[in-house]
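Listed next as structure tokens is one chain, alone, in the form predicted on its own.
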């Protein structure tokens, strides 16, 4: 589902003012300086624009990981489609999985414009050369996981994704507007699952709390460790607009009160709001675990990559048939 108002119009080259860095008569240093000024002034960069190699590489890496995460993110939930408790839940979960696959397709298309083919990106993912988000390396053990993932994991993601709607790379920013609209529906689906469980039996409430207990660590790791904004090149290029700690604080401020409201409690005794600073205090996440997981050593990393490899091999004949050169008459 797409909100038509979420998609900004794309100006044709004739309607868009020519950026200063497009002047081929400038030296490389002059073009670089003009490009930096353009980006820092809040202007967008389009796929066919000249751009410094560092910028192109940084955007490609950022978008490719996002695409990988959308593609791998369907696997923890697809396992529960046939085990969903009602037809309504099956349909909702199927629609969510379909949306996430669509997001991956959109993002790979954005990344392709930066000079790397979709086939190479997919092969690098299968070969373990590129990463996907830490939360998708973990198992799902109960129906409670489905609610926690759709509500809280997607919420942590959308906190970051909403900031990406202002990304300096225009195609990515426009794509994020569509994705954020659909992710907001996923969050409502997840909250409905959790609220239904919390209004059910004691066993259901315990299942939801147990799922939250297991997912809280990966959730707190999701935005990464604190970094020095002055050294963060993704911030410098305005590929993203906020630091990981800003995103984590935003997530906590929004969703911890909502968890308390429905009777769920994060398993962190240190978690509290510092009234003086307005910031949440919490137990420091296990950053070594994060580094281990995102490099392909998580509980489900290899199993999920093996699943992708298997299906990639099994569907090779479809790609070969579609892409084959027609035989001469």
Partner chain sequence: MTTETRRPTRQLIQPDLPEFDSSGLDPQLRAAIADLLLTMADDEFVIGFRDSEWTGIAPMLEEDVAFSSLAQDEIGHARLLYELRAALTGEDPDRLAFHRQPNEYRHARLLDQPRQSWGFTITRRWLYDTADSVRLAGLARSSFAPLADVVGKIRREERYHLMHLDAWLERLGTHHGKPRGKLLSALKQLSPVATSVFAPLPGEEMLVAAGVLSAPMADLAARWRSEANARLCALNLRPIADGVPAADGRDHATPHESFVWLWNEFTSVAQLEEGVEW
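Positions refer to the first chain, counted from 1. Computed from a predicted model, the values in this text were never measured in an experiment.
Just so it is clear, the following notes concern the form predicted together with its partner chain, a form of the same protein that is not shown.
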Item to check | Candidate stretches 250-258, 130-138, 67-75, 168-176, one within 4.5 Å of its partner chain in the model of the complex by heavy atom | outcome: 67-75
Checklist entry - Just one of 188, 91, 126, 235 has a heavy atom within 4.5 angstroms of its partner chain in the model of the complex, so which one? => result 91
Item to check | Candidate from 220, 212, 84, 158 lying within 4.5 Å of its partner chain in the model of the complex - any heavy atom | outcome: 84
Checklist entry - With a 4.5 Å heavy atom cut-off, would you call residue 216 a contact of its partner chain in the model of the complex? => result no
Next on the checklist: Can you tell me whether residue 226 touches its partner chain? I mean in the model of the complex, with a 4.5 angstroms heavy atom cut-off.
Outcome noted: no
Checklist entry - Counting only non-hydrogen atoms and a 4.5 angstroms cut-off, does residue 239 reach its partner chain in the model of the complex? => result no
Checklist entry - Contact between residue 246 and its partner chain in the model of the complex at 4.5 Å, heavy atoms? => result no
Item to check | Site test, 18, 22 and 114 vs its partner chain in the model of the complex, non-hydrogen atom cutoff 4.5 Å | outcome: no
Checklist outcome for this item: Residues in 208-235 that come within 4.5 Å of its partner chain in the model of the complex by at least one heavy atom, in order, are none
